[in-house]
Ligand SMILES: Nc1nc2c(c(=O)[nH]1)N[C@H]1C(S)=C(S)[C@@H](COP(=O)(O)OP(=O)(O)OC[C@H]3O[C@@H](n4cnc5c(=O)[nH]c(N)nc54)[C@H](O)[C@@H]3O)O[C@H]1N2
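The chain that follows stands alone, in the form predicted on its own, written as structure tokens.
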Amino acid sequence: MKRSVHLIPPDKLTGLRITRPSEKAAGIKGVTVAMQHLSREMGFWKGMSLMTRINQKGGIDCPGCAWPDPNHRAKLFEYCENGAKAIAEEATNKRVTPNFFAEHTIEELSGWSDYDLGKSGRLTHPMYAGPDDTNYREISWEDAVSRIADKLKSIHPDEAVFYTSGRTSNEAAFLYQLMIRNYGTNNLPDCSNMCHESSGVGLTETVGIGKGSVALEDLYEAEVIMVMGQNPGTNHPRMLSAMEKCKSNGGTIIQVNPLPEVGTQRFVDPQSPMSILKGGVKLSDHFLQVRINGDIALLKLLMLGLLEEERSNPGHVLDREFIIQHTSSFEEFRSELLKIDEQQALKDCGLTKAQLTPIIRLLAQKKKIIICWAMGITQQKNGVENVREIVNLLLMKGSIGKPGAGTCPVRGHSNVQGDRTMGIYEKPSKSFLDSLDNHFKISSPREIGYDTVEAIDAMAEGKVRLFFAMGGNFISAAPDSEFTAKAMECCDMTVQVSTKLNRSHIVTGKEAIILPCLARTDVDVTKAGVQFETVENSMGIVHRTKGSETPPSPLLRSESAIVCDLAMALFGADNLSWAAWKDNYDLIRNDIEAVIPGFEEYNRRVRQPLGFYLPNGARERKFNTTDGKAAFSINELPQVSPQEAEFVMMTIRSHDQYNTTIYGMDDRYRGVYNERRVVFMSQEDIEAKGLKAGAVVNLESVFQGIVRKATRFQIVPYSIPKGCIATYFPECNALVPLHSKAKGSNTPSSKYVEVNVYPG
């Protein structure tokens, strides 16, 4: 290849300023920042008009997180600060046209930061770069689709990988997996592989469904909500309103995290003048500052405490009736739990018995308990075990399958859960494939496909010749940045279906194609008229989303249309109903209804203002396990202290980003401004290293003797356990080893990376 690119983001420092972390989340400041983003990207009045339709019944589903909408919605502010930022990015007036690509070489763009790439604007034309091209050049849709189809026809199906992001609608995801399985492979890695896969595996093993068991109303009714490994204030801000309602109903909030997060400390509801006048409401009643990966140790200590409370007050702490009727393996679990070395567990979690005693007494007294979690739990080598141990505690209390209690994995992207429901999975069940085959009269492959980690390995080994991404920013989202980038360059062709420019358009195969698509905010008009799509939120409700804005270019196509066009080029116009599906999404939903259980009368029910719930056995104490019972599990204390380096690092998001999208250079809640290349470190560790605030350092990770490096980061003193540090991704993804991953889910352990810190 003649193109020469930088494989990882530049290490330029942009001017760090450190202040005191915020003491409260949301409020007037959050509204002000949201309005500033909207004004800069599209103008104030257009922005405000658009936001009145976000998360409203029959309106636009926010392209940010998958947090569910309440039944009664505020007309003006049914969104959060970061939701407004996501909309501003999507409906921006800025454009990336063929002229833009003519002016900027691919090598030049590779030297831009992820922030600068994303801020360039919406893509307007299909673009192509051949092996000898230094710039992208415009290509027609017909030529682009023909090139992709010809490449797919020339290779074995297992030499192609089809990635999916959580943005994709149910309709597009269903057609996408149908096309891929009709083509002949299950190589369907998706963003779940890198985030909540551990949740899906752990929950399926224990309660028979890889989804949470609670509805939004359960959080209002809960007596205790424990938030583990999650930062709701930045990643799921509308969750704070649910927690506030829990508090107003007498509930107690417990925060478990290595870093204190302002979102679970104090929340100012911007819709409530009284909340603003009072300075908000204190959410967290207890903060347990665990060491990184100290969660199993903490949970075991809490459960040991509950056993002791049960001995002192028999029949009043554990839910014996539930355990006997609805669970299995309790006695084996109990026997192993009693063998735990309490002192070792205390050391591993970094807490004292005095800190845990009030938590144990609280849990002993309460019956309606919800545990919420996110990537701090799942992106560990023992991520599956973390989830299983959470289930153990809930099963002891009978806190699952009843109002105000249950499991609550808080999903990230807006339809990541729906994609999996639609069949985006490299390990599809036999029942799903049988249903697909029987309905469409095809023969789906039965061999397990590549997940994300396996796909990167296969690319590096030359086993993948075409990589196709339906949304997302694979290069910035994946671990081991340099290895992943070099693996991508081994492909013959890479295809990106995208709304905006990102790093995955820069680090490519020998041939690279960009297919610009409609976004959630764009109106989708076909020959049959204006179409809507559907998504599934984090709690299993399927509902509509319908764009209202004129697309930034008449050349944009929906993801569903792109799949249909490619399928017709690949299989011929007479194969299945691709032409009809392209024009009428009701027809897609009819076929989803015929294949996937729970979608009966799909078109009628999804047109109801609130949509409909999908079946959830765990919510009803109907556990889809071998014996029909929820299973207690035995999980060992994991490694907490580093073995090959000095510190344990976890990657986190700033308040000015969502997933790999960087909205700005500030992290207001943590008091960090105008810089992303930072390392959060305890004052004790800073002094021990002879460093000071703002000092420039280099980082190196060590895994199985292999050293990875990332240069030029600045020290930020912060409240974090000794021996633990935190950095932003994707800047530090280069340090995350590809093969340091969770057993059972293959999720990269981005929240547990052993590193050394050196003066820069």
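Being a predicted model, the structure only gives us computed values, none of them experimental. In case it trips you up, residue 1 is the first one in the sequence shown, and so on.
Another form exists, predicted in complex with this ligand; not displayed. Remarks below refer to it.
Chemist: Tell me, which of N616, T499, Q531, T92 has a heavy atom within 4.5 angstroms of this ligand in the model of the complex?
Modeler: Residue within 4.5 Å of the partner: T499.
Chemist: Could you spot which one of N293, N415, S198, S560 gets a heavy atom to within 4.5 Å of this ligand in the model of the complex?
Modeler: It is N293.
Chemist: Partner absent here, but in the model of the complex, which of 655-663, 482-490, 351-359, 179-187 has residues with a heavy atom within 4.5 Å of this ligand?
Modeler: After filtering at 4.5 Å, what remains is 655-663.
Chemist: Within 4.5 Å of this ligand in the model of the complex, do N231, M470 and C517 each have at least one heavy atom?
Modeler: Contact check passed for all of N231, M470 and C517.
Chemist: For H236, is any heavy atom within 4.5 Å of this ligand in the model of the complex, or not?
Modeler: Because a heavy atom of H236 falls inside 4.5 Å of this ligand in the model of the complex, the answer is yes.
Chemist: Verify the contact flag for L219: yes if a non-hydrogen atom of it lies within 4.5 Å of a non-hydrogen atom of this ligand in the model of the complex, no if not.
Modeler: Answer no; every heavy atom of L219 is more than 4.5 Å from this ligand in the model of the complex.
Chemist: How about V542: is it within 4.5 Å of this ligand in the model of the complex, going by heavy atoms?
Modeler: No.
Chemist: Does L363 reach this ligand in the model of the complex, with heavy atoms at most 4.5 Å apart?
Modeler: The answer is no: L363 has no heavy atom within 4.5 Å of this ligand.
Chemist: Considering only 703-730, what residues come within 4.5 Å of this ligand in the model of the complex, judged by heavy atoms?
Modeler: Contacting residue: only F729.
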